[in-house]
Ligand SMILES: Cc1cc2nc3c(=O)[nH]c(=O)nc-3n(C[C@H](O)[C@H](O)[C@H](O)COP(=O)(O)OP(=O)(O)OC[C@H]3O[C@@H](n4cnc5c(N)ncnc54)[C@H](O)[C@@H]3O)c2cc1C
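One chain comes next, on its own, written as structure tokens: the form predicted alone.
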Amino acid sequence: MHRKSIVVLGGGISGLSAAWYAAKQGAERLQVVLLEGSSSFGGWIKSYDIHNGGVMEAGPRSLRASGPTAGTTLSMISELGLEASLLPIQSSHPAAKNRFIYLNKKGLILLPNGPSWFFQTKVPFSRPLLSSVLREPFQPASTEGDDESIRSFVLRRLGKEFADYLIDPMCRGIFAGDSSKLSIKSCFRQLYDLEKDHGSVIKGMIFGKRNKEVLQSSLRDKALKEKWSIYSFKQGLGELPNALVKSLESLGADLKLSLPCTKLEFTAAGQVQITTGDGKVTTADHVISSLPSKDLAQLLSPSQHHQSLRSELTAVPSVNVAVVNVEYTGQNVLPPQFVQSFGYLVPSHQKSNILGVVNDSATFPQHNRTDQPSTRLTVMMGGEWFEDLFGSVESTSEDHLASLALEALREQLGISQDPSYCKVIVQRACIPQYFVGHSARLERIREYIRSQSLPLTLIGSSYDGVSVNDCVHFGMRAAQCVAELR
């Protein structure tokens, strides 16, 4: 029996997940090598300790317990033995229910979080939400093209206030992106499918068949029963990639740090030659790339005439996000209505230097320092608007970003004291932007790979979803598909 060799490019959560699911097939069946160019695994997931037990996140800070791909991550967590370290937040918890937007002239505005919003007129809306919901089934479905922007979709179906006060800030929070550019088909495929299949989002939610979770597990059942909203781990999200690395080593996978791939060349025999930073060339049966699409494009040998593939990969844009982790001494720092909340977002039509603020101490107080009361916040900045607000990422100083973030906290939350801790992490090109037409681009990319019979599979946030759950799920699918190839 031929022992197939697989090289995984990139040691973020996508690459680690693909390598782990491949390695579980058995070392006698698959030889798995993972190449990571940086000095650490985990990609954008990076938890770090500050002082006296305090934990901060430089990237994602929680995982959703629901959604089409959430079950895959929960199943993985069970297999890795991480259940005892979980910190779940139930949907009834104030930190899950209470989410705000910030409007310049009105301050913090609570977003809909209960049935009363359907029947009462509350700021910032001019009428009860039920009126928009009842009209939605009677709005005509789109007949123009195969895709449109999220904003256009919501304007058609639910109106301007939904688009301005709910969807616009949501897109800034999830994608750090502009809802008038992002694709409804690629970013919120379920909504797109509901209209396509039923002519209405509401009709589809009532009469359509619910998509079942891809993977069921006892932990998934527990999360559903206990109505988890989000979760993390006792030492932060970094526990997940750390556990994957440990498990991969025990499974016999070959993990290499600080060893980037510098060139890919496909052979006439249907294999791939991988050149690494040390000048060595390795031949493998298949490559799974979790690299950002633009980085992968640079690795394809120009001599092999894959210019159309290189062009398509290069065309997927991404944005820079500044993450400002802030800690204040004491617990009487925030406005009373904000103390027990997830955080707030600032809609793009409001003048502000920030995207929003996450109230880390409310969601996971277990990550607070243990020696004295404290309040931890994370300010998110930039995204689609980074260059317009701050200039080029190369020329923007961390001190300047910190100053702007603290100024926003003073103006928007009324925090007058100086922080006991403040750190700026600029995450460069960290969130791909699925603009209108993204799904068509993916079809062209994958059709090219199929037509040329290239031993190459693409995963990661450049393609099928930016969330950690998506990255884990499609990493699993890629490993399974490659294992079945002859």
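Quick note: we count residues from 1 along the sequence shown, nothing fancier. Owing to the predicted nature of the structure, the values given are computational and were not obtained by experimental measurement.
The protein also exists as the form predicted in complex with the named molecule; that form is not presented, and the subsequent description refers to it.
- Only one of Leu86, Leu299, Ala95, Met170 lies close to the named molecule in the model of the complex, with a heavy atom inside 4.5 Å, and it is Leu299.
- This chain lacks the partner; the member of Gly67, Gly53, Gly37, Gly437 within 4.5 angstroms of the named molecule in the model of the complex by a non-hydrogen atom is Gly37.
- Judged against the named molecule in the model of the complex with a 4.5 angstroms heavy atom cut-off, the residues Asp164, Ser341 and Ser361 are out of contact without exception.
- In the model of the complex, the named molecule sits beyond 4.5 Å of every heavy atom of Ala408.
- At the 4.5 Å threshold, heavy atoms of Ser467 reach the named molecule in the model of the complex.
- When contacts are judged by a 4.5 Å heavy atom cut-off, Pro419 does not count as touching the named molecule in the model of the complex.
- Among residues of the shown chain, Gly475 is not one whose heavy atoms approach the named molecule to within 4.5 Å in the model of the complex.
- Residue heavy atoms within 4.5 Å of the named molecule in the model of the complex occur in exactly one stretch of 182-190, 255-263, 408-416, 150-158, and that stretch is 255-263.
- Taking the named molecule as it sits in the model of the complex, the stretch 7-40 comes within 4.5 angstroms of it through a non-hydrogen atom at Gly10, Gly11, Gly12, Ile13, Ser14, Gly15, Leu35, Glu36, Gly37, Ser38.
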